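A lone chain, given as structure tokens: the form predicted alone.
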Amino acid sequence: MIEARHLTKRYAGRTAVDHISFEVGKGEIVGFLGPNGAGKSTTLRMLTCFLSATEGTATVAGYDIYEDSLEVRRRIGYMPENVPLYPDMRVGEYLRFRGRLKGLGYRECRAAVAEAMDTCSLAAVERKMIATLSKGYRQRVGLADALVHKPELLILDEPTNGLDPGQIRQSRNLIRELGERHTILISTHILSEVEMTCGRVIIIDRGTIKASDSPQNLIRRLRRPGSVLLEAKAPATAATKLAAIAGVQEVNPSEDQDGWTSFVLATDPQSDVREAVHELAIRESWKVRELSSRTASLEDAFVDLLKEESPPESSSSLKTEN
């Protein structure tokens, strides 16, 4: 669906996107990730023909972004980070206006708007002024606008920006449903949403592609230790005995006021020591209140990857949603 080849964008004094190449297959839901200023939005604007590239090219559904820009736009539904809506129009009126601008006939437009509003749950606000809508509903109107002409490809730039946790969950479910009918490219900072929604992620930093793989494969590539938490009533010698378990690299105890001690065990990436810890606790007659492990996440993969690739003074910005 998307083929980018050596796509580059330079501004005076800096390179925002530096010869990136990637592909997005038909039917995929792909997360496009990176710290602030990495070149994500610039890349999306070039793909949607809102911004010209300095070098390189890209095709969308087989159409070149230079030679066939109108055909490219017909096949893309683009929702920018800050959705540009007309606040003095009613929701249904605005979507019909947008449908007509996108080349839909009168009857076709009314049917398409009704379908888009149904998909985005906008029927209840069809006659409301856009200026009176909440942030969540405005995002839905922007998504309905992107969907109204039934594009093959949806490009969503921070689609959950400013939404509360409940609205984010609704958006996640909607994106999954849309993925059954559309190819989707999502740029976002909420990594937990990407992990649950996307089949593949592309990570960009300082204008270059750092990784392109499934979230699971990126997590497997981590070399950082795992961690196990043991909360137990145990003597001072417990830390030494826990450290002797095969696969345990380090033990950090922290005693609570009521006599319970929390032991954080750093373990080999491929080791699960919980069974051995449980057997030790039984032998030593320790009272155990908690025994759990923390698995690596896409956030860990993201941070570790950028840490490897970036100089010590650089920093990244990201959010996680629990």
Ligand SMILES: Nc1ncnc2c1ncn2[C@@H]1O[C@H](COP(=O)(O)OP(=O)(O)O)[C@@H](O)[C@H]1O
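Numbering starts at 1 and runs along the sequence shown. Bear in mind the structure is a predicted one, so any value in this text is a computation, not a measurement.
There is also a form predicted in complex with the ligand; it is not shown, and the following applies to it.
Mapping the unseen interface onto this chain, Ala38 counts among the residues with a heavy atom inside 4.5 Å of the ligand in the model of the complex. Using a 4.5 angstroms threshold between heavy atoms, Thr42 counts as touching the ligand in the model of the complex.
Stretch 30 to 38 is the answer when you ask which of 258 to 266, 283 to 291, 61 to 69, 30 to 38 has residues with heavy atoms within 4.5 Å of the ligand in the model of the complex. Shown here without the ligand, the chain has Tyr11, Arg14, Ala16, Pro35 in 1 to 35 lying with a heavy atom within 4.5 Å of that partner in the model of the complex.
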